[in-house]
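Coming up is one lone chain in structure tokens, specifically the form predicted on its own.
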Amino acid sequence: MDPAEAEFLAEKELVTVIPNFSLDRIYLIGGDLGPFNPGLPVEVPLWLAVNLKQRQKCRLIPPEWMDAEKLEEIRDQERKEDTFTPMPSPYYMELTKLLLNYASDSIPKADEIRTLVKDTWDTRIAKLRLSADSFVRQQEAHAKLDNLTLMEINTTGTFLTQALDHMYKLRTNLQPAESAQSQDF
């Protein structure tokens, strides 16, 4: 899975918008949306919120966790803990990117939020790299990936699986010929 696919999945997350138009309920395969009334908040998937915002048909309300003070607490907690802490959303990075790219005028302290989320991301990726390094050095067979998001796993997943595959090949080549069993048919 690449980052674009993770972003596609994130676009299903619900966000609140305040429309400036009227429309009855919309019946979609993924569920019903609306009704849309001017000035009344309604939850819609992110993909629709971005589309409406681009057409200047709504004002977007940022998620509760997209607040500078809350994100500062999350960043500080992540820096203190040795393990990965739970994130406010499984798609926090994708949501931040999309909302700040398309609706930064609706988000107070947008630049500060961008920096805080990037700091948190950098801290988590550094932890992930250290964990992967420790995992490889200790020749572990499995790892626990609690509280990692899909995007974080995908960032290092390809590299880690290739590295483990190379290590396996090197280990099997170092074994004596009699004890090594080939899986080639």
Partner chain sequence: MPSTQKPMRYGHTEGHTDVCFDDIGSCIVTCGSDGDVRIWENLDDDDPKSINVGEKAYSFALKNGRLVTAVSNNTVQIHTFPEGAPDGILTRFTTNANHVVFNRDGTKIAAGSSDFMVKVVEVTDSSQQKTFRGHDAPVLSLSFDPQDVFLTSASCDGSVRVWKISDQTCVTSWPLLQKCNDVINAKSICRLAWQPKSGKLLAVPVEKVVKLYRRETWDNQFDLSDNFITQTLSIVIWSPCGQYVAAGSVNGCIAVWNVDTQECMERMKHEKSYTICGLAWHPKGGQIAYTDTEGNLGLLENVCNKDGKKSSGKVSSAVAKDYNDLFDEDDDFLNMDLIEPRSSPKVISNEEEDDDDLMLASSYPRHRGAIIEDDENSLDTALMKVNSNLEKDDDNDQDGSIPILPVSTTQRPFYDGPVPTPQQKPFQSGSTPSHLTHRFMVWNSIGIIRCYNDEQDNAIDVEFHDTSIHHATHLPNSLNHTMADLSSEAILLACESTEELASKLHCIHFSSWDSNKEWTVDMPKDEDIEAVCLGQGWAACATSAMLTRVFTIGGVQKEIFSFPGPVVSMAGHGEQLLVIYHRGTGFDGDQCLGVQLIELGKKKRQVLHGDPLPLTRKSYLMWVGFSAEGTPCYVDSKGIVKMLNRGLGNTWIPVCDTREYCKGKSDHYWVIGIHENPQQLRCIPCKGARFPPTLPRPAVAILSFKLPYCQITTEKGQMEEQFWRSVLFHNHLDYLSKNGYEYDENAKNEAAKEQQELLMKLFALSCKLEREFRCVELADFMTQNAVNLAIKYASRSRKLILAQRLSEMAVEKATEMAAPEEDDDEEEEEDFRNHLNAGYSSSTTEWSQPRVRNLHEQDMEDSKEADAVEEVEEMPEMQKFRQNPFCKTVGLPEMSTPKSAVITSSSQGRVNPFKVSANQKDPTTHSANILDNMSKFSKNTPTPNSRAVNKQKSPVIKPLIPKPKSKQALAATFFQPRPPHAGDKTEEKEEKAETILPEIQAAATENKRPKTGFQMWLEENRESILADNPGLEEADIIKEGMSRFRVLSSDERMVWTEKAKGGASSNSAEAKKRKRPADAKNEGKEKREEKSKEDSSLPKKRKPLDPSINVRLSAFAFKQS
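Positions refer to the first chain, counted from 1. All figures in this text were calculated on a predicted structure; none of them were measured in a lab.
Form predicted together with its partner chain: not shown, discussed below.
Trainee: Would T172 count as a contact of its partner chain in the model of the complex, using a 4.5 angstroms cut-off between non-hydrogen atoms?
Mentor: Outside the cut-off, so no.
Trainee: Within a 4.5 Å heavy atom cut-off, is T161 in contact with its partner chain in the model of the complex?
Mentor: Taking the distances in the model of the complex, the answer for T161 is no, it never comes within 4.5 Å of its partner chain.
Trainee: How about G31 - does it come within 4.5 Å of its partner chain in the model of the complex, if we only consider non-hydrogen atoms?
Mentor: Answer no; every heavy atom of G31 is more than 4.5 Å from its partner chain in the model of the complex.
Trainee: Taking heavy atoms and a 4.5 Å cut-off, does N37 contact its partner chain in the model of the complex?
Mentor: Result yes; N37 sits at the interface with its partner chain in the model of the complex.
Trainee: Give me the residue from R59, K70, K118, R129 that has a heavy atom within 4.5 Å of its partner chain in the model of the complex.
Mentor: Checked against the cut-off, the match is R59.
Trainee: So, a 4.5 angstroms cut-off on heavy atom distances: do all three of P19, S22 and P41 pass it with respect to its partner chain in the model of the complex?
Mentor: Affirmative, all three are within 4.5 Å.
Trainee: Looking at heavy atoms inside 4.5 Å, which stretch does its partner chain contact in the model of the complex, given the options 45-53, 59-67, 142-150, 118-126?
Mentor: The contacting stretch is 59-67.
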